[in-house]
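Quick heads-up: it's one chain on its own, the form predicted on its own, in structure tokens.
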Amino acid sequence: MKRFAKFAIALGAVAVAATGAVAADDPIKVRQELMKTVGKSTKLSSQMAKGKVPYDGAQAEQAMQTIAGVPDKYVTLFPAGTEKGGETEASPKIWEDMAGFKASAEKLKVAATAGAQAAKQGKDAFAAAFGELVKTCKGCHEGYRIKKQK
């Protein structure tokens, strides 16, 4: 399981780096891939925080660093004309309140950075910081995401 977790985190980091090549062609796909990377790191972090997989401080720190690396690029991927298409879940509110959206992204970066620091202090500190990160994610999703019907 430990190898799988390390592989998943490494794969997420590569995905974040690789999205730059696609960005010019399809910002919707790139932002979706970035969110998948965040999702994978969040899932691993959740499993460690809940004790479903053994806690590994280095893996927890890397997961949080992966998440912290997303917001700066992510907020650049909402040019005019990308409000629709590509099965986007982006709310029109993003384009109406870009400053607020960017502020939410900055909160994610801050929360993930705090999570990375907390990971060095052990599972309890990490779990608390991860809980704050989840609240940050939820706040942004509630304000700037439309959940598509399946």
Partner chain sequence: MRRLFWAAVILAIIGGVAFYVLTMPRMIDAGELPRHTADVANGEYMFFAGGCASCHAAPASSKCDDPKSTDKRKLAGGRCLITPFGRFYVPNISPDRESGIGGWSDIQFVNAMVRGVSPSGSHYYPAFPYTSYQRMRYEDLLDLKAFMDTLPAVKSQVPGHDLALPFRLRRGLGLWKLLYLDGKQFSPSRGQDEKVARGAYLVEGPGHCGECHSPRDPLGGALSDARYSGAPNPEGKGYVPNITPHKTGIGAWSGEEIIDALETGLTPSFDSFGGTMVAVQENMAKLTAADRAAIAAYLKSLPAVASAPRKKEAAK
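Residue numbers count along the first chain shown, from 1. Just so it is clear, the structure is predicted and the values come from calculations on it, not from any experiment.
Although it is not shown, the form predicted together with the partner chain is what the next lines describe.
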Lys29, Lys73 and Lys120: each with a heavy atom within 4.5 Å of the partner chain in the predicted bound form?
no
Please determine, with the chain shown alone, which of 108-116, 121-129, 59-67, 87-95 has non-hydrogen atoms within 4.5 Å of the partner chain in the predicted bound form.
87-95
Is there any non-hydrogen atom of Pro54 lying within 4.5 Å of the partner chain in the predicted bound form?
no
Quick check on Ser46: any heavy atom within 4.5 Å of the partner chain in the predicted bound form?
yes
May I ask you to state whether Gly39 is within 4.5 Å of the partner chain in the predicted bound form, using heavy atom distances?
yes
Go through 54-68 residue by residue and record those having a heavy atom within 4.5 Å of the partner chain in the predicted bound form; state none if no residue qualifies.
none
